[in-house]
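First, one chain by itself: the form predicted alone, in structure tokens.
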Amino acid sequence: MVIKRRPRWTNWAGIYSCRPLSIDSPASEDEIVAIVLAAAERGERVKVVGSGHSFTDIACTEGRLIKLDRYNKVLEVDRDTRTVRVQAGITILQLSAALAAAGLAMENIGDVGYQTISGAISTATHGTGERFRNISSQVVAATMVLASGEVLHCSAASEPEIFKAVQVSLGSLGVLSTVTLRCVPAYNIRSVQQPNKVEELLDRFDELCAVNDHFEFFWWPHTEVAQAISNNRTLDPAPDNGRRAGFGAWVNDILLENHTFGLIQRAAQLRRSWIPHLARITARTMSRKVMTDRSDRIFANERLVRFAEMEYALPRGQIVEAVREIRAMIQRTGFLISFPVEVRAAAQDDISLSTAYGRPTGYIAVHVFNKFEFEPYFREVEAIMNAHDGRPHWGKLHFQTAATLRPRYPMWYPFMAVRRRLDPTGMFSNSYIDRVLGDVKHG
């Protein structure tokens, strides 16, 4: 007898994998409905995966895994209302290219261009800029396939309570099918990257966030240096309509910087004690770079060096103190850290499970090369984040549970009421959802 082996799925970072019953790639909403109904008939769980860039086991399942890679079309672009309706599997880069052709752009995006719009929305993915809210806040309407096979339409005007839950749902409510996004006229960004002393950047953090549309910095542990990035909207054209600038950015960021960074990580893998020296070399080689290009080409980039990541959202006023505590912790513990610490800010919003719900927010992200152990370092960082009322990014590593997260979200119980209504049997749950949201009946 031949035993058919289940397919294997692994996330981008290589941290989590699973063997679902099947991996289905529907190309239409009707096909999604058929998959869900078939699973319901057999009592199987269903999970959806986009690009697999989430660092947690949020997409893992022993049931049916739905990949949306074939469900990625632009359905409608409305230049008058500046909205776009798309299938949920479209990537940020695919969407941005389509919008650019129509003279539009997303108001703000994160830095992972191959992430799907459904994954970005479901995990509250955000960009940078104290006046700009996360990607979920740009959603004005959505459709979702429920456990019953029903296709639910929701917006701020239709089913508003459900809509607030759908905007950031962790995939726990159903299969996000189509989304309508608010857009803005296309714009260019002038990006200035330059090294500076990290303490000076911390002292001036509020000022730099205020005077720039988008400001962030990357501090290299074991050094006193950080790379500051100031991105500002401009009417200046990109060279050759962006063709030359785009290619130059690709050569510099993708080929050269990723390659050099990869060499540093492999050297650190050979001998961990080299890490502080390698960090100092990296800090000395950082230089000022200025470029102007289309917004998505500046914001989004490709990651060729794989890593594990934890990111926390803190009340904006506590960011600087928390970064200083992380710096002191690394020195105290003797951790050897070969990846930088990223620090940025974003605007508050009113979405139930958004990490920026109800408060101006700052973000701190820490990373570890995926060949190294991350848990000891991440647990120390998380202890600092806990002390500052931190909320973990839903798609990045953390050690929280429903019990520890519940007090941090004022709209927790209204979200859970929507969850019980839309998925009463927990069809769209898995071990991650059970851990961070709790059982569907008692979460």
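All residue numbers are counted from 1 along the displayed sequence. Every value quoted in this text rests on a predicted model; they were computed, and no experiment measured them.
There is also a form predicted in complex with a small molecule; it is not shown, and the following applies to it.
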Listed residue (Pro195, Pro315, Gly110, Pro276) with a non-hydrogen atom within 4.5 angstroms of the small molecule in the model of the complex: Gly110
Arg391, heavy atom within 4.5 angstroms of the small molecule in the model of the complex: no
Heavy atom of Arg284 within 4.5 Å of the small molecule in the model of the complex: no
Val49 within 4.5 Å of the small molecule in the model of the complex, heavy atoms: yes
Contact label in the model of the complex: Gly395 to the small molecule, heavy atom within 4.5 Å: yes
Region of this chain that lies against the small molecule in the model of the complex, out of 207-215, 167-175, 368-376, 290-298 [heavy atom, 4.5 Å]: 167-175
